[in-house]
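One chain follows as structure tokens, the form predicted alone.
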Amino acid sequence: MSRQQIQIYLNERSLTIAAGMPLRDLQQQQCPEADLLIVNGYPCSDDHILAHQDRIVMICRGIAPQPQELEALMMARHTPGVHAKVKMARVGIAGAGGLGSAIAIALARTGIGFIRIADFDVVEPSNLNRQQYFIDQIGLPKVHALRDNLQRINPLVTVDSYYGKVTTNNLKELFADIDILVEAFDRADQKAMLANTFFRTFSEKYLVAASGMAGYEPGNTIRTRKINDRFYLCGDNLTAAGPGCGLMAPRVGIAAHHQANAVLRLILGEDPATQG
């Protein structure tokens, strides 16, 4: 590269341009239809003079980028080497309520390649206080509504939805081809059924479960605990929903993101419950 040239990144694609080029010239050359220009994370006027290593994003409002470009833009803030691993991962989520819907959205934004969601419930008005649905989705099967929401967020993720109950008879068929199963049920008996069936059925897969996230107790009481080499439990292991202690978005979301982060760490070969 000569002194008269600099390297920049346009929509995460490396380009070599003339030093001293204003942003408007780059726009005219590369994306004349763009109506939003962002330089290093901030909206910028078109007379901005570009500098070496600037990162520019040009956006056409209402038009989705091409798949390869979208993938690069979505994963631009990832640690190098992370995306290649998460893209190959296959994750199952049993339950699409407050935990499951938040977990699924976090994993889709992370770029997990394949997500299978199983649930038998429909979206109700009472769900909207903590679950990742919208008013116009009331009455829809949660797995179908969630699949649509995930595709709107990241169409590069393959989402497979199963509308029905997870039972001792179908758990193996539902989750045989996934790497990590996330338990996101409400009831204790459902949680116990899934865990017991899972460990009888699979000898090498991981299970990430949750227990205790009701009310508005301090968020720091929610933790990720290692139960054994294949089983991690997220929550405070204490606060169940009941009279005077409801399920609310903040703590449910904290527990859900503990679970999503545990999944990510397992994919990357890290222990979710320890540092370093």
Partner chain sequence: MRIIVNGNEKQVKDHTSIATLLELVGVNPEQVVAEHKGTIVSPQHYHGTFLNDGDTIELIQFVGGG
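Computed from a predicted structure; not experimentally measured. Positions refer to the first chain, counted from 1.
Absent from the display: the form predicted in complex with the partner chain. The rest refers to it.
Inset, instruction - Would you mind picking the one in I227, L36, A51, I63 that has a heavy atom within 4.5 Å of the partner chain in the model of the complex? - result: In short, I227.
Inset, instruction - With the partner chain left out of view, choose which of A240, I59, A249, L70 has a non-hydrogen atom within 4.5 angstroms of it in the model of the complex. - result: Checking each option against the partner chain in the model of the complex, the one that comes within 4.5 Å is A240.
Legend entry - Contact label in the model of the complex: S211 to the partner chain, heavy atom within 4.5 Å: So S211 counts as contacting the partner chain.
Legend entry - Contact test in the model of the complex: F185 vs the partner chain, heavy atoms, 4.5 Å: Although the partner chain is absent here, F185 would touch it in the model of the complex, with heavy atoms inside 4.5 Å.
Legend entry - Proximity of N196 to the partner chain in the model of the complex, heavy atoms at 4.5 Å: Heavy-atom contact with the partner chain at 4.5 Å: present for N196.
Inset, instruction - Decide whether L99 counts as a contact residue for the partner chain in the model of the complex under a heavy atom distance cut-off of 4.5 Å. - result: Yes - in the model of the complex, heavy atoms of L99 and the partner chain come within 4.5 Å of each other.
Legend entry - Whether I6, H78 and K87 all lie within 4.5 angstroms of the partner chain in the model of the complex by heavy atom: Heavy-atom distance to the partner chain in the model of the complex: none of the three under 4.5 Å.
Legend entry - Answer range among 78 to 86, 105 to 113, 187 to 195, 145 to 153 for contact with the partner chain, defined in the model of the complex as heavy atoms within 4.5 Å: The contacting stretch is 187 to 195.
Legend entry - Residues of stretch 122 to 139 in contact with the partner chain in the model of the complex (4.5 Å, non-hydrogen atom): Heavy-atom contacts within 4.5 Å come from R130 alone.
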